[in-house]
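The chain below stands alone and is given in structure tokens; this is the form predicted on its own.
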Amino acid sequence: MVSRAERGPVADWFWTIDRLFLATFILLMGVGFMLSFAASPPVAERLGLDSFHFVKRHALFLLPSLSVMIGISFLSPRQVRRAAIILLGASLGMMVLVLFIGQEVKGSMRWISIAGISIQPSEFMKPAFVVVCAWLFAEHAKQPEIPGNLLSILLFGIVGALLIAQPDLGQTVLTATVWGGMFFMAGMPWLWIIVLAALAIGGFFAAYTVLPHVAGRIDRFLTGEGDTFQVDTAREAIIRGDWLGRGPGEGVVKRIIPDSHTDFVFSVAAEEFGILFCMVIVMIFAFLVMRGLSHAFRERNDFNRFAVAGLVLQIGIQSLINIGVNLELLPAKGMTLPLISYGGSSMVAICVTAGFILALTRHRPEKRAVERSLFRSGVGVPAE
């Protein structure tokens, strides 16, 4: 245990970090590793691999991911902003390269191989995009002559265009929803609300008309006709699991669904460990979102407030989409359950998100005392 009397980077970090946030992120990583034992061996066997191939790879990514999360949590808000700008630039550059030299998986160009390691750049773009947009919104709120809102709209347009080009409509919807929530927090004018809502509706119909795979998924969801094997099997697995589950190793869904260790790990958990266990997982994600929004509500610095709210919304909405697909409440979409599903890029990227959240919610007593004094005097909050 680190003493309060100690002084140094580690001691300061330990006593200023939100330890409930930290424990929750580590708990989710532990749950994901446990579920990899339940969900991934049958998938590996079907592919002719060692039964614990995906378990070993999942474990291989745990330590680097945890190190990334802890390392980023040491950063100051200014350093978080700078790191996000660098990460956003690099990920956008790789998203452009993906369109030309990327690996095609299930009809989409989302992966690029670097030094033999497959990376999905859009996963790393998401937390960096949120932080950079939070900074732009905050700068505009502080100095209206700075076109922060307009720059954020242009940046969103670039990101959205690259995602649609892959194509990856699910990530586009996730990014648009989080960005819209942040823009609303920043005081979006009603004119912009109407314009962006019209663009969103138009974009949805355009995607339905132009992209056959999008139309197919929506049609299957609405009519129940066509290839709905995975989602139907996932829902039935949840029903079979009942409240307490069939027991570890007794599930059937993982033996017949190709993506049981990624997109449908929630169904595996429900079948083997029960609906009550899954309700606990949902409550953990709800706790993360509510605690993050509570931090944002108390935060006087606009950048910290927008960034924390956007980052927790990103985790919450992504988990909502994944669980909604498993419950057949949403059209099928390949999106991982944060920190639980198998996937190296996803796990490291979510740990980047978690690191940003931990860094921005650290308790800084001297700084907050100055901010409160300035706020009460009407001077405002100084920029980071």
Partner chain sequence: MSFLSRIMLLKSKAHFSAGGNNRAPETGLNVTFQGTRKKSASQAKSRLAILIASFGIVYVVIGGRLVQYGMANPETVSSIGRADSLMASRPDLLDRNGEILATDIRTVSLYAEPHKIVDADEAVERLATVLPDLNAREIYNKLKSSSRFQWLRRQLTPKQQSEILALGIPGIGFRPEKRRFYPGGPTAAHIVGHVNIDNRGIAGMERYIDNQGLADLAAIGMTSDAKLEPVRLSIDLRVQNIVRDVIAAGMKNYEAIAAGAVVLNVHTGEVLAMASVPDYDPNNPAEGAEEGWMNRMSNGTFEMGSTFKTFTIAMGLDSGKVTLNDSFDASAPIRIGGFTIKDFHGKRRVLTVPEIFQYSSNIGTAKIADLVGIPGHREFLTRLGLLTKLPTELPEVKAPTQPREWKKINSITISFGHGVSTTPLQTAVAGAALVNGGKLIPPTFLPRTEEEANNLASVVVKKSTSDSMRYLLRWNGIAGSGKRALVPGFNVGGKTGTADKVVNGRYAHDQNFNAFLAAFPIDDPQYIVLTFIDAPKTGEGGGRTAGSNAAPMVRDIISRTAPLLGVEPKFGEDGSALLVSY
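Residue numbers count along the first chain shown, from 1. Model, not experiment: these values are computed from the prediction.
The form predicted in complex with its partner chain exists for this protein as well; it is not shown, and the discussion that follows is about that form.
- When contacts are judged by a 4.5 Å heavy atom cut-off, residue 317 counts as touching its partner chain in the predicted bound form.
- Residue 168 falls outside the set of residues with a heavy atom inside 4.5 Å of its partner chain in the predicted bound form.
- For the chain shown alone, residue 68 is not a contact residue for its partner chain in the predicted bound form, no non-hydrogen atom being within 4.5 angstroms.
- Though the partner is left out of this view, residue 302 does reach within 4.5 Å of its partner chain in the predicted bound form, counting heavy atoms only.
- Comment: 327 to 335 is the region of 27 to 35, 47 to 55, 342 to 350, 327 to 335 lying near its partner chain in the predicted bound form, near meaning a non-hydrogen atom within 4.5 Å.
- Residue in contact with its partner chain in the predicted bound form (any heavy atom within 4.5 Å), chosen from 97, 210, 256, 201: 256.
- Note on contacts: among 112, 151, 75, 176, the single residue with a heavy atom within 4.5 Å of its partner chain in the predicted bound form is 151.
- Residues 235, 236, 238, 239, 240, 242, 243, 252, 253, 255, 256 of 230 to 256 are found to place at least one heavy atom within 4.5 Å of its partner chain in the predicted bound form.
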